[in-house]
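Coming up is one lone chain in structure tokens, specifically the form predicted alone.
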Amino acid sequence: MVAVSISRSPLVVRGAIRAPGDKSISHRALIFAAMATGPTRIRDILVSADVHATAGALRAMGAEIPVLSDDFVVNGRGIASLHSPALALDCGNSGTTTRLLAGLVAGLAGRVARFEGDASLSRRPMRRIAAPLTHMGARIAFEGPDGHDGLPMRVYGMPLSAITVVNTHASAQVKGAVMLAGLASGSGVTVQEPQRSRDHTERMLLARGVNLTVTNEGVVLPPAQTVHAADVVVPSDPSSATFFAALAAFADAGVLRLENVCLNPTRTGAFDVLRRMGVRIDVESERTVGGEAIGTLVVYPASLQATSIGGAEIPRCIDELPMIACVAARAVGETRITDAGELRVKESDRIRAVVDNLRLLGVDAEELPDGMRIIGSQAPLAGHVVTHGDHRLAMAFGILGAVPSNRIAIDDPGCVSVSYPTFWRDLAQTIGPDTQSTVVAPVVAPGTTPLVIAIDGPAASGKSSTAQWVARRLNVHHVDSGAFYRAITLLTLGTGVAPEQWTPQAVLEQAHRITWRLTDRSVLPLVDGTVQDEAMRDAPVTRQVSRVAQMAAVRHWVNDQVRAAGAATDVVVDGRDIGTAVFPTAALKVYMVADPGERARRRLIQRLGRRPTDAEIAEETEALVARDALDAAQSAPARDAITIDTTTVTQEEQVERIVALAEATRDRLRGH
């Protein structure tokens, strides 16, 4: 067991959290809007990597899906308008995208689609949907080695027959895939389950005029049904809300309100488990919107007690079990989770990953074939969590790391973008300045405010290299906002579309392929899970990155990534509008300037590795002046920024000055 000596400050929660829109409902809202004829207004959708994957796939099939936002309209043209995509459907990390759209394609006779995904999704089993769809008459081909039933997968739409599916495991995705195949083909389907799985598909179809019979044993969809357009307001995801319910339970003081949470009874199992563990959760303002129960949860600190979870309860809390396991680590007694073998085929093997990480932190935990055993304690926990790119592990252990006596570092905090892009920012705001979360290292002392150093300036003014050096000197993280712009520019170039035809929607379709990883000293953007720094710095990206950076929707996305990265620890952030738009309340703002000719000379030396000629400097200077004009709206100093002209000073002198300013600012913030 890892033992550390830490002075413990109280964990105080406060205020209200409105978790992002429900992921399950968000996927289905887009799909049903594309299948219907007429306009569908969608509000409060989850704008995350998984939902972007569904939107991108539907666009590739001919649906008119606009840029995802808080309020937009999809003008559906009916199921028959959907066609075979010209390229493979990139599903990213989204199993829901893959399984639901595979059912839809299977029912569209004459259409064919190849489904691809990231490494994690490619390992996840698809035979569970392939089997019933094949029995209906569709053709599905797995393209991996013999015995592989993951992606890549090619689905051929065929005329389908009616079917009765008897699932041995409750699965909303299998049920949804079969129902979508039935709707697309006009075939009747019956799905029977051992326990009732999530019923968002049924509720949303009933609200759209589809004739269904729903019981606790399953659902019957008669043939020849039509999906009508219907507006939808997406409630907050109960799975995402569970993380903050657990945070409130861990707290020493305060109360936390979780607003607009979906209270569908097939989704509230985690709240029932937490109540059984001693957590007081009150429900206020309960109402029904679009067939879904919605309300505000009020959660109080608790003395946690162990419990047992299994049987019919598991489908109602399957996605929340990693968080419940972390709650169990602080409960009195032994918690047992059984009948949860489904966890092994999620984004990671969540049974093994959760148990391994709990053990690394010092928790007495044991892996069971279909679950886990956890003995809780109040001993401080410390260690480095390996998330395997799994968003729910990152958030669960992030909440556990918010307990002040714990010192927990998350290896890939950026993977939360799959379902909760603003998670780290919401966590930092919820616990406030009176409590210091230690979910990322280096750790700021308890009771202090994280220091943000914002460094702005025009292209090639030396921001990034200087910021890296300053971060090393101060022993804090460096965040290069420009790297996010370069990463998404690189991916958009890879689509083959001429840059002149790029739209914010087309660019943001690539966003789900970008995550970020926290290294010892930096926040590193990853493209499809790998480092692409050399390609991101090449001339083709450099020529087009300003075009992308001018798109307001893309800037909003980049700013969210940067804010999330800098939410819980001291950071040095550089970019174009860091002190004005991203961190307007940063404690220290620096604006770096230099003569265009000097900036051109420095850039060429870095790029060429030699002294440039006068002609090369002149050409590069002209390009920089043109880029300055393009970036003028962004590249302006904040009113309270300190301007440093670096034309005639060495980089070491620049760094020394910024470090001195930062140390004085940090001392002022922390009362030294």
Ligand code: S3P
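From 1 onward, residues are counted along the sequence shown. Values in this document were obtained by computation on a predicted structure and should not be read as measured data.
There is another form of the same protein, the form predicted in complex with the named molecule; it is not shown, and what comes next is about it.
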- Note on the structure: Partner-free chain; cross-checking the named molecule in the model of the complex, the single residue of Ile281, Ala379, Ile318, Leu526 with a heavy atom within 4.5 Å is Ile318
- Of Gln468, Thr190, Ser171, Thr296, which residue is found within 4.5 angstroms of the named molecule in the model of the complex when only non-hydrogen atoms are counted? Ser171
- Verify the contact flag for Asp356: yes if a non-hydrogen atom of it lies within 4.5 Å of a non-hydrogen atom of the named molecule in the model of the complex, no if not. no
- Query: Heavy atoms within 4.5 Å of the named molecule in the model of the complex: does Thr96 have any?
  - Reply: yes
- Query: Would Ser24 count as touching the named molecule in the model of the complex under a 4.5 Å heavy atom rule?
  - Reply: yes
- Considering only heavy atoms, tell me if Arg28 and the named molecule come within 4.5 Å of each other in the model of the complex. yes
- Task: Would you mind picking out the stretch of 172 to 180, 593 to 601, 536 to 544, 459 to 467 that comes within 4.5 angstroms of the named molecule in the model of the complex, counting non-hydrogen atoms?
- Result: 172 to 180
- Item | Triple contact flag Asp118, Arg123 and His388 to the named molecule in the model of the complex, non-hydrogen atom at 4.5 angstroms | no
- In sequence order, the residues of 319 to 347 that place a heavy atom within 4.5 Å of the named molecule in the model of the complex are Asp319, Glu342, Lys346
